[in-house]
Structures are given as structure tokens and as C-alpha cells.
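Just one chain is shown here, as C-alpha cells, and it is the form predicted alone.
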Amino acid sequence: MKLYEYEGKILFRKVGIKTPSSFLVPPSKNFPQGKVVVKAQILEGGRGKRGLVKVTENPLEVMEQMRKDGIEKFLVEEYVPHEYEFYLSCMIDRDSQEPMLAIGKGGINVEEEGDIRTRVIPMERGVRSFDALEVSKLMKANPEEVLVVMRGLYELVLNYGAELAEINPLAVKDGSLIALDSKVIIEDNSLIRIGETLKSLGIHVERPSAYVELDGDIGIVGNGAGLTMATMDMVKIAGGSPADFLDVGGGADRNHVKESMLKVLSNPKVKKVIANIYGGITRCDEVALGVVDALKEVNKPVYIRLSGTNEEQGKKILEENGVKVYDYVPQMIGDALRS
């Protein structure tokens, strides 16, 4: 799950990394006097190259121009003059399966520069002062501040489930460090563990669904890629034609199930939906409530096999709302194709 810049900076501040003072628009309309930076809040890279990061003394005018490009959310941030810019990130090294810090010259062309130094830091010892000393010499920055930033990024990877925690640029001003941008990607499966923590910090958490649209007319919903693909195969063998692949993932709650079902039900090609759910960390009663909520908005035939955690509660909710529940998958598929 990708975070917006302002959300990434919420986490930066949580782990001690300094960021410029800023506010999100909307809702605030009280703009500071003087030079500020207006930043479009989108989940895409290359904003600077696209003119979506602007230094200005007239933020309203800049935002109005960006709105013509479809931008709806902005971060208005303090302008920070500085001497140097660097790139600093942390991620898991694929070979060692240990956290790895990467450092290079900052800026919008960091990928093209190619001069990136890396250092693998084992989890058993964590970031130490000597790790920061070499980096501080390169940055001409205070070693203690460098250590704080390195440890902060490291903590985001270890304790907040970040696949990537990146600062570009990391500004050096009078030897002090300040993160002018953030790029944080949270590993999807870790949302089960830290989702509530993120929500408490004001970060919007949306559990992702793996969704692929196909050419058929039977919607397919499952939890787990293997179960979903097996269901698609059984529908195809029985003579049906799947309209999609949709895996709601593990631990899906009522709202996520509703959104996932609506994605399938709203497809005009879909005539009916087959859902195959095995509840482990996914609760069957939450699934049932999500299905019922979705059917209140788009009513099409739904055939569902529900088994596992809170199975009886889930079946009762569906049956009370006129949705037939199956224990045997071939019977469910047969009834769906014959109707």
C-alpha cells in the first residue's frame, strides 16, 4: 500500500525524522505569508518533472492551475533553503533478507545518476553510531542527526511493515537534516498487524484487492489467490466463463468485502457472482455483512460457499437476507450455471 507524501511524513515524525511545517488542503485555507511549496498529493512518482511541485508566493493560483490537471489534494509546506540534497532509503535486501540502507545524491534524477551506495545492517544489531559516521562525512551533517534519520527509516521497515522508506531529497541545512519528501510503501500483509496503528495516526488504510477483469459474465470472488484461481477453473470446466479474478486477501473486514463485491457487481458484463470464502483470519460474519451491504446497492444473484471462522453466524446473516449459502462448491457452481 502506497502512502501519500503527507502520510509518509506522519510516520517520519513518529520515528523522529524532521520534516518542514505543513498543512493539507483541504481543509485549511489560512496560508502563510511569503514563499511556500505547493505539492500535489498523488500516488505517483516524478511530480517535479510534471510541474506538480511548485515554489510560490501565491499558493491559491498554483493550486487552481493544478486542479486543471485533475489534482484534488495538496500539501502546502514551508520553503526550506538548504546547501545540499541527498537520497536516503531503507528496504529489505533480497539476498541477505536483512534491512539495507541506500544513499546517493538527491534530486529528481536520482535513478539516472547511478551513484548509490548501499549498506546491509543485520537486524540482530541494528543501526549503530559507526554506521552513521561515514554517512555524516559524506553529507557534511551532524552525525547524531544522521543516526536519528537512519534509525528512523530502519524502524519503519522493521516495525511498521514498510517495503520501502525513502527520503528524496533529504536536505542538509547548517549541518542539520530535514526530509523534504517522503515515499513509503507498506507491505500489504502487514496491514493486519499495524493497520489500527496507522489509522490512529490519521493514515487512511485501504486493504488492497487483487483484481483482474476478464471477458466472461460470471463474477468470481475468493480469499487467497489459490482458492480464487481454483474456483475460476471449476467454473470454466463446468462450462461457465469467469468475468474476473478478485482475491479479497486475508483478514478482510466488512467494508473491504463490500467494496470488493461492488467492484464485481458493478461490472455491466457480470450477470451473477460466485464467491468462495474459507475463513481463517477472515471472519465469515464480516464477509456476510459486507456481501449484504453490497447487495443493497447493486442487486444481482450471488452464490456463496462460506466456511471457517464464525461460519454459523455468517450463514445466518446471509440466509436472513435471502442469499443462499453452500457447503459443496460443485453444487454451488452447478446451481449458478443452471439459473
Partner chain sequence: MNKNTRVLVQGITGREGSFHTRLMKTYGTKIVAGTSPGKGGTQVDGIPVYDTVEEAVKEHEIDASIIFVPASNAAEAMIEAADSNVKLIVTITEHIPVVEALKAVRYARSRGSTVIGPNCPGLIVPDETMIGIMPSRAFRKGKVGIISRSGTLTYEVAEVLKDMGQSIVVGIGGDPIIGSSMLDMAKEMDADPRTDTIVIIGEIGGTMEERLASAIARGDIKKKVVAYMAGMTAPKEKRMGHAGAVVYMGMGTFQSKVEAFKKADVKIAKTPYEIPELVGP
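Note that the structure is predicted; figures quoted are calculated from it, not measured. Residue numbers count along the first chain shown, from 1. Rigid core: the largest C-alpha set superposing within 1.5 Å between the two forms.
The form predicted in complex with its partner chain exists for this protein as well; it is not shown, and the discussion that follows is about that form.
Quiz item: Which of these stretches, 186 to 194, 254 to 262, 72 to 80, 134 to 142, has heavy atoms within 4.5 Å of its partner chain in the predicted complex?
Solution: The contacting stretch here is 186 to 194.
Quiz item: Here the chain is shown alone; which of 329, 15, 323, 25 has a heavy atom within 4.5 Å of its partner chain in the predicted complex?
Solution: By the 4.5 Å criterion, the partner-contacting residue is 329.
Exercise. Just give me the single entry in 148, 227, 178, 205 that has a non-hydrogen atom within 4.5 angstroms of its partner chain in the predicted complex.
Key: Partner contact (heavy atom, 4.5 Å) among the options: 227.
Quiz item: Would its partner chain be touched by all three of 33, 38 and 53 in the predicted complex, meaning a heavy atom each within 4.5 Å?
Solution: So, no: the whole triplet misses its partner chain.
Quiz item: Going by a heavy atom distance of 4.5 Å, is residue 223 a contact of its partner chain in the predicted complex?
Solution: Heavy-atom contact with its partner chain at 4.5 Å: present for residue 223.
Exercise. Examine residue 217 and determine whether its closest non-hydrogen atom to its partner chain in the predicted complex is within 4.5 angstroms.
Key: So residue 217 does not count as contacting its partner chain.
Quiz prompt | Contact test in the predicted complex: residue 305 vs its partner chain, heavy atoms, 4.5 Å | solution = Flag for residue 305 set to yes.
Quiz item: Does residue 85 make contact with its partner chain in the predicted complex, using a 4.5 Å heavy atom cut-off?
Solution: No - in the predicted complex, heavy atoms of residue 85 and its partner chain never come within 4.5 Å of each other.
Quiz prompt | Residues in 257 to 281 close to its partner chain in the predicted complex, defined by a heavy atom within 4.5 Å, in order | solution = Read in sequence order, the residues that approach its partner chain (within 4.5 Å, in the predicted complex) are 278, 280, 281.
Practice problem: Please say whether, between this form and the one not shown, the C-alpha of residue 174 moves by 2 Å or more once the core is aligned. | Solution: It does not, since the residue 174 C-alpha is displaced less than 2 Å between this form and the one not shown after the core fit.
Quiz item: Does residue 61 move its CA by 2 angstroms or more between this form and the one not shown when the core is aligned?
Solution: No; that C-alpha moves by less than 2 Å between this form and the one not shown.
Quiz item: Does the C-alpha of residue 46 move 2 Å or more between this form and the one not shown once the rigid core is lined up?
Solution: It does not reach a 2 Å shift.
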